[in-house]
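Shown next as structure tokens: one chain only, the form predicted alone.
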Amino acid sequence: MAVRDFLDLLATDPRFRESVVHIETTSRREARYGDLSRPLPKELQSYCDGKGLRLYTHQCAAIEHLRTGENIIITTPTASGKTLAFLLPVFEHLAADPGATALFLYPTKALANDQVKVVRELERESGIRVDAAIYDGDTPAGRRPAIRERSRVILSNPHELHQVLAWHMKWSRFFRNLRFVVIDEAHRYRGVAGSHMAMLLRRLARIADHYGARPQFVLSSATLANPGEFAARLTGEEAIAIGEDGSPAGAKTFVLYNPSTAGGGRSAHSATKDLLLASVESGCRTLCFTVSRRLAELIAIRSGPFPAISAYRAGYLPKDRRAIEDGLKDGSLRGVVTTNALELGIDVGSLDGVIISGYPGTMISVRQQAGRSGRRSGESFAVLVAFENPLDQYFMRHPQAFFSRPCEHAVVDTGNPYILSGHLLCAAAELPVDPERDGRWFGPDLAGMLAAFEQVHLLRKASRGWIYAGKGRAADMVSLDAVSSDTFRVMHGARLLETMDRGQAYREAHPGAILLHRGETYVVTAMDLDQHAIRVEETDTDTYTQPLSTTDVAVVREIRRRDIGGMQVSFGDIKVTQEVVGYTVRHYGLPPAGPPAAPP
């Protein structure tokens, strides 16, 4: 009844009614179950029976294709059982082959920590021993040798894999027996990050090939326009796309909400706060997505003294993030305001509704975020709160353009010379590069790149091939997400509050900046660029700071030009320079408080 109470409130309360511009409802969908060509091993069938699980059609399809040695990409919606669809066939193979191993890659440590519980539960209840373990930057040094020597299922992330491939000799047992590589939330690897990931996976496949293994790739993803093509570009291997969802779904009401249609000049942020409070007060367990870390903190603070609402974002310490996730799952928290950090499949229990504050930029994100509610087939809702920008307002005026809009193509470019050349250096540090053998991994221009690197003394030719000759570690020269890997620590006395990368620190943590952290306000007193430390003091204020930046785009060279629809479009190289030049001081919900302050 809580969801219905909230929706009735939107329809009848004058505070909300005028801003509701469109409502779209999807009907309840019944489950469609499938059958396997041969039964699961008794240990796995007993696990399913004990949980009361029947396999959906897409889960059966995934199991059958993996049994025949094919690669797959599963693109069914959130909470459709994708994890079980690949865990069962992986465990089935590991039960039949006691030496086989599997590598599970997740985009974040938080997601790996969440998913290892599921893997260990299956291991414990089925009795199939795999010694599942997490291996990442937080793994104690004393535990690492035992994991390398004994674990058959290892959960990690691309950044850790990038660092350990050069030490593959220590992993020889694991790589020699590698049968599966599972890439969860694969849609996160698009654009530059996806191109880096594609080359990292080719380096992994090259190492496995060196030890005589050819693993199957299993991708779990949000809905994409080009799943098969994307999987092939990301892994270098053809894959079967499985997208027809057999899981049940409850009725979902999707509301387009436009604050600019109501009088009084209410901002989208104020409207988001009011909707969140109304939802929580109606008894709904609610997740509210925002477009920035600052807005997540700001909306949580402006929700007042309500004790059951918290912010959640990247930068929080792991123990703080886990406490919030557990609070949302057990019901002690009724509302969480988050960035896209919770767009991933971290288990936060059954949610009644989602509020999306501002169009997140892609329909992939819209569907992922909206899909976080109604996870157990009950009635649910999603509300998109429009900003005043042209795209948000266009969707408000043309609802069918929004609801009929397909998900985007996921683009991966393995031919980018800057990305390709960096990973070639890493590969040469891992194994000598043979131009004839390794062209399959690095493309037809491999010989030319090797010669170019020899001229600048980064590679040299040895008896077994080309090897890395640079001074520093090759892996340290390549950042997988193409952003600074520098980490700044935000310190309140001796207490570590959170971490930031260099770009965020420059924008948000200059001296004089007001930081919002878990409902508390702090003022930055010092920023030590050498020690990567930001010093803050607690402050009692109803203001926050917003950076002022300038962006300069300079055309370096034009490569080609086309005429499209009477408009000239050029393709070429550009240089983008962003500079933070000052900041403004704002009151919560009010216009800027005076002129810009002095430059930071």
Partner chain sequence: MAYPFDRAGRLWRARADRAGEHNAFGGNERFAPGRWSPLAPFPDYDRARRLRDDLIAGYRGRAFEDVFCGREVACGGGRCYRLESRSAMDLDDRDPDRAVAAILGDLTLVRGIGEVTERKLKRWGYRTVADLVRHPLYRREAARLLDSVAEGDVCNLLERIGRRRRSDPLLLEVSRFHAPADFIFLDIETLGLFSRPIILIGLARVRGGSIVVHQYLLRSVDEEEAALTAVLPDLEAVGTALVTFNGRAFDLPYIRERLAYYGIPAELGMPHFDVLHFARRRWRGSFATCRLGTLEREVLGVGRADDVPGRMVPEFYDTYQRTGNPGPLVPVVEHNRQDLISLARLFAILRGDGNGGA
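Keep in mind that what you see is a predicted model, and the values were worked out from it rather than measured. Between two forms, the rigid core is the largest collection of C-alphas that superpose within 1.5 Å. Numbering follows the first chain given and starts at 1.
The form predicted together with the partner chain is left out here; the points below concern that form.
- With a 4.5 Å cutoff on heavy atoms, residue 461 counts as touching the partner chain in the predicted bound form.
- Although the partner is absent here, residue 169 is a contact residue: one of its heavy atoms lies within 4.5 angstroms of the partner chain in the predicted bound form.
- When the partner chain is considered in the predicted bound form, residue 457 lines it closely, a heavy atom lying within 4.5 Å.
- Taking the partner from the other structure, the partner chain in the predicted bound form has a heavy atom within 4.5 Å of a heavy atom of residue 476.
- Between 157-165, 489-497, 104-112, 366-374, the stretch whose residues reach within 4.5 angstroms of the partner chain in the predicted bound form through a non-hydrogen atom is 157-165.
- The candidate spot formed by 54, 94 and 213 lies out of contact with the partner chain in the predicted bound form, as no residue has a heavy atom within 4.5 Å of it.
- The contact with the partner chain in the predicted bound form, taken as any heavy atom within 4.5 Å, belongs to 425 out of 204, 425, 130, 505.
- With the partner removed from view, the residue among 561, 557, 42, 38 that has a non-hydrogen atom within 4.5 Å of the partner chain in the predicted bound form turns out to be 557.
- For the stretch 429-451, the set of residues having any non-hydrogen atom within 4.5 angstroms of the partner chain in the predicted bound form comprises 429, 430, 431, 432, 445, 448, 449, in sequence order.
- Once both forms are fitted on their core, the CA shift for residue 37 between this form and the one not shown remains under 2 Å.
- Relative to the superposed rigid core, residue 68 undergoes a CA displacement smaller than 2 Å between this form and the one not shown.
- Core-superposed comparison between this form and the one not shown: the CA of residue 529 exceeds or equals a 2 Å shift.
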